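Single chain ahead, by itself, as structure tokens, in the form predicted on its own.
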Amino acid sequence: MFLMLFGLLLTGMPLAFVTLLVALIFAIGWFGPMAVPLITSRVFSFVSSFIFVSVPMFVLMAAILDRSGIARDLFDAMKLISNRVRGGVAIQTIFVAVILAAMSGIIGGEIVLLGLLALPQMLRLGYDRSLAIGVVCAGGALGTMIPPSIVLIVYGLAANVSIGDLFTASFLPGVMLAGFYVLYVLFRAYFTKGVVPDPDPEIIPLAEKIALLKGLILPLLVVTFVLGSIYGGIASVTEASAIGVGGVLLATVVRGEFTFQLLRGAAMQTLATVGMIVWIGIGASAIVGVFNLMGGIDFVSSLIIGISDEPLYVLLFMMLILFVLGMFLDWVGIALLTLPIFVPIIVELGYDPVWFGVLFCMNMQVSFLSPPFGPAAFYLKSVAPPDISLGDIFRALLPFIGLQILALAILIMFPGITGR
């Protein structure tokens, strides 16, 4: 089954259709036509999950942010603190990435936004090109870890664990990773000559400071309403996602940016993104269902558990599998193909599935940056200056991949960071 899966993927067929085709071939070939209703019932239970409604909502939030000037004003407002520190614009970019991640949880839009706002400014000021590229890609990918992350929502659906618990557990690790990026920038700024320009603390008039601070108010209000309503127990994740869309739409109205074209463009982008996620989910649900019926889950469980009597080695082997798959497959496919197999093993070994969810998301952070198919690099390439090649981007990402692996190791050694 897996040989056929990877063989068809090498032909260039989309993952969603490959998984569905392989599932149908093996279902009919192994069990006959009567197995098809089992596939459809499994698919229906996946797509009819109420929590799944939050996915298009958060994607729509990101799409509206993409088309409004909220992110641009947020970036401009952060210069009030950045122009007094060496490497200030790079640190400002990471802070803005954290706030944008807490608003929508979608990485593609974040990287494109930061690639248009921050990268040209850093290059113009004389920042080292590799550092500027790495900060934009790694910062933009923080949407994977910081709630409300779509990766966490899909993990919760696939692993059947509380998404609210996942959000609570992943917040501190996400901020910790952002802190690692800031420390790395400061280290390079103060100990490597010529990497960043000397700070130029311009005097900003009070009136301009007030105008810039206004750019912080609306994004912080949206973040407060979305995350505050979840953590405060006022709203579920699905309800909070709708609150977020309402907040971002209201913000565009207040700013005088709302148009029908903006809403239509955001809706069309949401349809395309969520359509892709749903189709991959349908295909992955089908293939995992057939795989389970054929006894595959028992085979893989005994294979993985048989590696060692030490649960830690089994966990590290799973992390290695996810790391290798992350080089070649989309995170949605990885989540929906592996988690139905991995999570029961994790529970059997005595580990917390919520903690494992945070590890999974941190691992997917690495997959967003890792060659040869790291999506973050391709997102940035689409808006980067022509003289920046994909090779340049991937080389710039290597130190940040190292920081992500360090953060993953710390979470494995000190699970208490997640509060579990």
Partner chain sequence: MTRDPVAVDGNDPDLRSTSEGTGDTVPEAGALGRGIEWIGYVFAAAIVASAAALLFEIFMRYVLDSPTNWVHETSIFLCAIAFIYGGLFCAARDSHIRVVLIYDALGPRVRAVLDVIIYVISAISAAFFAWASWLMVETSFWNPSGAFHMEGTGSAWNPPTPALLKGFLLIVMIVLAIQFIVLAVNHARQRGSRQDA
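Positions refer to the first chain, counted from 1. Predicted, not measured: the structure shown is a model, and the values here were computed from it.
Keep in mind that the form predicted together with the partner chain is not shown, yet the notes after this line are about it.
Mapping the unseen interface onto this chain, residue 314 falls outside it, with no heavy atom inside 4.5 Å of the partner chain in the predicted bound form. At least one heavy atom of residue 262 is located within 4.5 Å of the partner chain in the predicted bound form. Not displayed here, the partner chain is approached by residue 33 to within 4.5 Å at the level of heavy atoms in the predicted bound form.
A residue is said to contact a partner when one of its heavy atoms sits within 4.5 Å of a partner heavy atom; residue 398 fails this definition for the partner chain in the predicted bound form, lying far away. Contact annotation for the candidate site: 168, 180 and 356 all lie away from the partner chain in the predicted bound form (no heavy atom within 4.5 Å). Between the partner chain and the residues 222, 118, 335, 280, the one pair within 4.5 Å by heavy atoms in the predicted bound form involves 280.
Interface residue among 342, 331, 155, 75, judged by heavy atoms within 4.5 Å of the partner chain in the predicted bound form: 331.
Exactly one of the stretches 121-129, 253-261, 299-307, 169-177 approaches the partner chain in the predicted bound form with heavy atoms within 4.5 Å, and it is 253-261. Within 4.5 angstroms of the partner chain in the predicted bound form, the stretch 242-262 places a non-hydrogen atom from each of 242, 243, 245, 246, 257, 259, 262, taken in sequence order.
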